[in-house]
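Okay, so here's just one chain, in structure tokens, the form predicted on its own.
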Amino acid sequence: MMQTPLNLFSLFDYSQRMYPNKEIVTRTVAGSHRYSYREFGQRVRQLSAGLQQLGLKPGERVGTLAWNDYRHLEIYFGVPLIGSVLHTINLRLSTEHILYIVNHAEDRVLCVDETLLPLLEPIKDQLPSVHTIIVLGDNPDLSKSPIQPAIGYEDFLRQQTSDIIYDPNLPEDSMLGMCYTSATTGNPKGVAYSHRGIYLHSMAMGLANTSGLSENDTVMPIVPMFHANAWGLPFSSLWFGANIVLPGPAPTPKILVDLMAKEHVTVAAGVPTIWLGVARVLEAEPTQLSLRMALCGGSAAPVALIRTFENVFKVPFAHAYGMTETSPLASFSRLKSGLAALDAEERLTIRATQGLLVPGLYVRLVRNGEEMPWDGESMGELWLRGPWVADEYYKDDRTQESFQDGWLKSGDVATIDREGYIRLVDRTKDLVKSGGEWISSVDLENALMAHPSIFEASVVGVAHPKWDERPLAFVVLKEGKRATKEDILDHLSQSFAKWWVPDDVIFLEEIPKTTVGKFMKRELRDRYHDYLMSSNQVTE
């Protein structure tokens, strides 16, 4: 067999030759920007040529602080195609963490959206590795850049020719990109992605058993491009010739719905909180959508949310699972043909799991050092391995905590049934450990969000004098809806044993969320750690 390297050049070159007329559309402040793959490719080559002119070398990092737009997509390709490394920076991180990851990655160039320049102001004198700032925007005011000298992106491209010749033999094991985890404690951990890993991950996104992306699709990554490669969609969508729609800066659920309708989006991807917001808009303003798939990941989606999309909005809802460390796709929930005869609720229950392992990966279920059976009941931590799974953290001593004998220890507690369906029970740190038994906050949250009056819900374990921990529920009610604590606890008692039911319900206007839209349980635990101890809620 021919030894051809699996690298990003192969994806880019194929898309340029096969689909030069397909479209990339970006929502902008002024309206929209659209151009063809051919025009995109020309600008990518100009960017690559400019970066080489700056003296950027293979292996050196280029950091991005940018929204989901066409310029960011150009950087996704223009940087790795010359052997340098794309480092997407989470713009919602704290100043302290942004400072840490830019310096830890030793970024040489920063590409920063004009609207995000203020993020650099507090750290402008603390970035010794950065030698160039490229400001993204139509006609940015470069004097506003806290770091000088600054270059305007469009001027930078106009100064370059587009006759750069890429090396088709980029080493497949060389680093293509980097993403740092959203740390809940300590500093974020860096994950490096190889060309080979991204190539194979992109191929997996096109499988019929996963998202089945093709040139018939119009794909909109709602998930930020700074987060885990936007779930691989920028790479796979371009390779397979799909039209791409990018939602631009700070889109609201209403903006997302309007954009999906206007551009006839067929596949869109986001976390459950995004889809909850979209559902609220669709309930208030029914809108005809072309979605063949609402792709959901990041955390477990409530069964009620899936039911609403499919039964009310007539939009197929697909559940997937992954991590920054898995590029991120690891499992995808598709109903096996042999299970099609089950009744509707049984099918829905299966499809609400995290699904089946994606072909090419391996999984184990481990508890106390022993591999647990796939019986749908035994809980254990998911361990994963495969060609697009990281094998270490970038220059970080914490590698040994999460990697063992060639396996990634995910930190997620799950069950796997006899059919191979993975069901997340909780993060190891989020399990409620009550009286020596485990209680799944995820199961309780899913049940809570099935209540007709509840918009969002989160459950955490808090201190208890007898049981060590007990579950405490936090809920946000839908606008115009009412429910009492007694109503909600009675709702849960119909599905769970008494000892699983939370000791109290706290009503909030909003549940705090992480930078990528997940519920911030640590903040709830810290704030309410002694709630049961200091109240009259203690149960015997």
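Note that residue numbering follows the sequence shown and begins at 1. Note that the coordinates shown come from a computational prediction; the quantities given were computed from them, not determined experimentally.
Only in words, not in the display: the form predicted in complex with a further copy of the same chain, which the text now covers.
- Of the candidates 447, 306, 413, 390, 390 is the one whose heavy atoms come within 4.5 Å of a further copy of the same chain in the predicted complex; the others do not.
- Note on the partner interface in the predicted complex: the residue among 356, 267, 109, 454 having a heavy atom within 4.5 angstroms of a further copy of the same chain is 356.
- Heavy atoms within 4.5 Å of a further copy of the same chain in the predicted complex are found in one stretch of 207-215, 258-266, 456-464, 93-101, which is 207-215.
- Annotated contacts: 22, 168 and 192 all touch a further copy of the same chain in the predicted complex [non-hydrogen atom within 4.5 angstroms].
- Not displayed here, a further copy of the same chain is approached by residue 420 to within 4.5 Å at the level of heavy atoms in the predicted complex.
- Contact annotation for residue 438: none of its heavy atoms lies within 4.5 Å of a further copy of the same chain in the predicted complex.
- In the predicted complex, a further copy of the same chain sits within 4.5 Å of a heavy atom belonging to residue 200.
- The shortest heavy atom separation between residue 249 and a further copy of the same chain in the predicted complex exceeds 4.5 Å.
- Shown here without a further copy of the same chain, the chain has 334, 335, 336, 337, 338 in 331-345 lying with a heavy atom within 4.5 Å of that partner in the predicted complex.
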